[in-house]
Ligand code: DQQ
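Taking the form predicted alone, here's one chain by itself in structure tokens.
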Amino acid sequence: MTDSILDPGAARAALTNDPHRPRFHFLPPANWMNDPNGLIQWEGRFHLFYQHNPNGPFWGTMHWGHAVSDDLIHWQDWPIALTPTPGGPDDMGCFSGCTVDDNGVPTIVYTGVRGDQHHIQTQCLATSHDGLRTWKKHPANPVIPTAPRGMNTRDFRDPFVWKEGQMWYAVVGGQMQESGGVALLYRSPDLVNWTYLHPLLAGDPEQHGRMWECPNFFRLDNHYVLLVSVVSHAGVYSFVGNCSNHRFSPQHEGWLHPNGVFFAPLTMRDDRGRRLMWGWIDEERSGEAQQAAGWAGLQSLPILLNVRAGQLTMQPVPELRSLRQRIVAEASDLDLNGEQVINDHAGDMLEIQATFEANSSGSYGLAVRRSADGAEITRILVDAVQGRLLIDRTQSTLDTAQGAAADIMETDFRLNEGETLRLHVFVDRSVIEVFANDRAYLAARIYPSRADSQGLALVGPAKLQSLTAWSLRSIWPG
């Protein structure tokens, strides 16, 4: 065992002074994290499981980590839920999946992998009878032992399960041997005996990639939504449409997030009927830098999903307002031409809300983590000409030894006629999450090297209607 398992509080305390380690996002006490798993609300508490390597800050030997929250914001570390069983169907790792309520029995449905190259992937069960604290693997594992004919058996994983009437349904991600990514539909009366029905949806390999993993399928606002993580394109794709007789017909589609910084999202429905989403936010620095830091990867903020006019929308959950400490910047009715510093000492843990009049002729927005002389700076911009939301990281750090990304991230985004631009931005040390008008989202990693890279600025040409920025508190004790 590692210290992160034996004493999570001590492990967190040992890393708390790392200037790049986020303070209001969830991440393990130490070591590696990737996909969110098993999201469920049980007896009023939120349970977040996650892909975790307790043996170091690198991918491998996948376990299921576990954390619990009463408010979606503050988390308590619980013991690791799933560990590979030597000689079992998951002896090389417990890959991603979900947790469901089977008549009062919490049940994990997950992918077990075995073989030297994880080339045998099957679907397995585990149950808890002590309030989700410990888990027993089902003696019938694997309950889905093989992929359907015509599938690449090396890529058959990440079950997402729901119940309709007396029947359980699941979508499993995969790759068709002669085509592209696919979400496979299964049905079961008891979670143990499964029947393959048909592809819920198969993608075009050129447009949608050759392998889909971590599928989510759910009804939302009288529409049906399918989310898939596209391995070859390293992005998350969304489909919104209709479903009849378990045949899904998309009417709207597009990239939820266009690159692998945010990946493998998982959703859940809470006791208020809301559809909530978390995603894995990866590192964008070298493996050597991650090893030296002792940790890698985190979860996004919880995101509220809705459908408006047939399009998926994304907003940070309102519970995040509880983290606001004090206002560090306010501005209104400013005509911007170039860059205007609002506060040189705004900080590195911020929430920012800004509204701009539409500008059809240039790039405009915000700049964060700005050093006093502007040598280090990260810009968050809308390019109205190209129709793009951008995070410009070309000057985010002066420390080239970290191997940090230094590029311009972008996603499609255009304002409608007469629409104002609304940016909602969260900065958490090395993490940025940006929401634009509730329908475009970008996450990014930055690793500033200077202690004075704390400034907040506005970027024109633009007309700022209003801006408010708050400093945010840590979610961890001490």
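Values in this document were obtained by computation on a predicted structure and should not be read as measured data. The first residue of the sequence shown is number 1, and the count goes up from there.
Keep in mind that the form predicted together with the named molecule is not shown, yet the notes after this line are about it.
Give me the residue from E213, E351, E283, D90 that has a heavy atom within 4.5 Å of the named molecule in the predicted complex.
None of the other options qualify; the answer is E213.
Quick one: from W278, W135, F217, F263, grab the residue that has a heavy atom within 4.5 Å of the named molecule in the predicted complex.
Here the answer is residue option F263.
Would Q51 sit within 4.5 Å of the named molecule in the predicted complex, counting heavy atoms only?
Flag for Q51 set to yes.
Spell out, yes or no, whether the shortest heavy atom distance between V427 and the named molecule in the predicted complex is within 4.5 Å.
V427 lies outside the contact set for the named molecule.
At the 4.5 Å heavy atom threshold, is S396 in contact with the named molecule in the predicted complex?
Outside the cut-off, so no.
Distance check, R379 to the named molecule in the predicted complex, heavy atom within 4.5 Å
No, no contact at 4.5 Å.
Of these, 336-344, 200-208, 91-99, 384-392, which stretch puts a heavy atom within 4.5 angstroms of the named molecule in the predicted complex?
After filtering at 4.5 Å, what remains is 91-99.
On the criterion of a non-hydrogen atom at 4.5 angstroms or closer, are N34, M62 and D158 all touching the named molecule in the predicted complex?
Heavy-atom distance to the named molecule in the predicted complex: all three under 4.5 Å.
Taking heavy atoms and a 4.5 Å limit, what residues of 183-201 are near the named molecule in the predicted complex?
Contacts from 183-201: none.
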